[in-house]
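The chain below stands alone and is given as structure tokens, in the form predicted alone.
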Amino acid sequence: MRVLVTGGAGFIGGQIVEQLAARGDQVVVLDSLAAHEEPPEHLPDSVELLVGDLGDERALRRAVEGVDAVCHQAARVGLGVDFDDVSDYVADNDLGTANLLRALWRRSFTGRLVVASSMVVYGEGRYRCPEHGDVRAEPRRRDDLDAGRFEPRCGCGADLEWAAVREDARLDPRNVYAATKVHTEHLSFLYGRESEATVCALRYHNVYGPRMPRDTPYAGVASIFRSALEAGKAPRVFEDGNQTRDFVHVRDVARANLLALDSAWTGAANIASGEPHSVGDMARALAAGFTEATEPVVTGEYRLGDVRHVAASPDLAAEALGFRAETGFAEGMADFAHDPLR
């Protein structure tokens, strides 16, 4: 199979490319290399690397030529610095996806399209009130956060309890990045309906592992904590450290993409470990991997774009794609304490 991987030199894309090449697929990578000073050494020699971004029509036209499948990973990730980043996110994620889909349309592509999405499309995860059952968590109020009241509350005033979110949950993006990921999904599924291509969106939860980017406003929290520990500083854990996430290893995420490429199933699926932990748990697990461990500091700080709890049900991915995560939290974090970062 000849597969185009957009963003194939990046953190997740690079792992996908390695696994595809290892099993004998022909791989074309389209990547701007904006995050790299030179072509990355980890790309296998068999890979055809095209340097360009999703705004480069000529590079896109060449990239999609003759491919049987597309794995769309290129995106601007993370929350950024502030709302001033909105135009960059929309240009890279919304317009970039539109440009890719237009190039595929002009090539009459009807093959397999797998797109990278994110758990951020849900906003807050799934919640239950002890009295009212399943309820939707409204955005947390600044005055509650300032007072250290971090748990979402029911209209009756009770703190809500989180539950595993399923793919049929309402999409409720609460920051710019999340909004662009919802649009990426919508555009991709529209393309599938118009072209008869089969489309699968993978909603990644908190991905970590080797070659994760370090020390940027767009890095994931695991990378930020790891960089602090390397510098001999205490990881700064926002809120009270009890916010819940699902940390899934990048090798598992890459394997999920291969399973999706091999499948004809259409729809969106959570890609998660199924083993939720708090952000505080993650900080402590990473610190334990350092000889001179620096205990995390819980700061009480918050960001309005952050959600409190979001952890996924992995059941649909298991049923539809045959995907179950293989790297457990303890093993993965022990390795990540010493993995090379980008």
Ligand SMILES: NC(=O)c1ccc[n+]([C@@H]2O[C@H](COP(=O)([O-])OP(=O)(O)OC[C@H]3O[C@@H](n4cnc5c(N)ncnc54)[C@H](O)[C@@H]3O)[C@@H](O)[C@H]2O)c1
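Residue numbers here begin at 1 and follow the sequence given. Bear in mind that the values here come from a model prediction, so they are computed numbers and not experimental data.
One more form of this protein exists, namely the form predicted together with the ligand; it is left out here, but the text below deals with it.
Participant: Is His36 close enough to touch the ligand in the predicted complex, meaning at least one heavy atom pair within 4.5 Å?
Facilitator: Judged by the heavy-atom cut-off of 4.5 Å, His36 is in contact with the ligand in the predicted complex.
Participant: State yes or no: in the predicted complex, is some non-hydrogen atom of Leu100 no more than 4.5 angstroms from a non-hydrogen atom of the ligand?
Facilitator: Close contact is absent here: in the predicted complex, Leu100 is far from the ligand, nothing within 4.5 Å, heavy atoms only.
Participant: Whether Ile12 contacts the ligand in the predicted complex should be assessed with a 4.5 Å heavy atom distance threshold; does it?
Facilitator: Residue-level check for Ile12: yes, a contact with the ligand.
Participant: Would you classify Glu151 as touching the ligand in the predicted complex, given a 4.5 Å non-hydrogen atom cut-off?
Facilitator: Contact with the ligand, no.
Participant: Where does the ligand sit in the predicted complex: which of 154-162, 102-110, 131-139, 69-77, heavy atoms within 4.5 Å?
Facilitator: Going by heavy atoms within 4.5 Å, the stretch is 69-77.
Participant: Which one, Leu54, Ala312, Ala63, Val27, lies within 4.5 Å of the ligand in the predicted complex by heavy atoms?
Facilitator: Spelling it out, the residue with a heavy atom inside the cut-off is Leu54.
Participant: Out of Val207, Ala254, Ala268, Ala179, which one falls within 4.5 Å of the ligand in the predicted complex, going by heavy atoms?
Facilitator: Contact residue from the list: Val207.
Participant: May I ask you to list the residues of 91-118 that have any heavy atom within 4.5 angstroms of the ligand in the predicted complex, in sequence order?
Facilitator: Going through 91-118 in order - heavy atoms within 4.5 Å of the ligand in the predicted complex - the hits are Asp92, Ala116, Ser117, Ser118.
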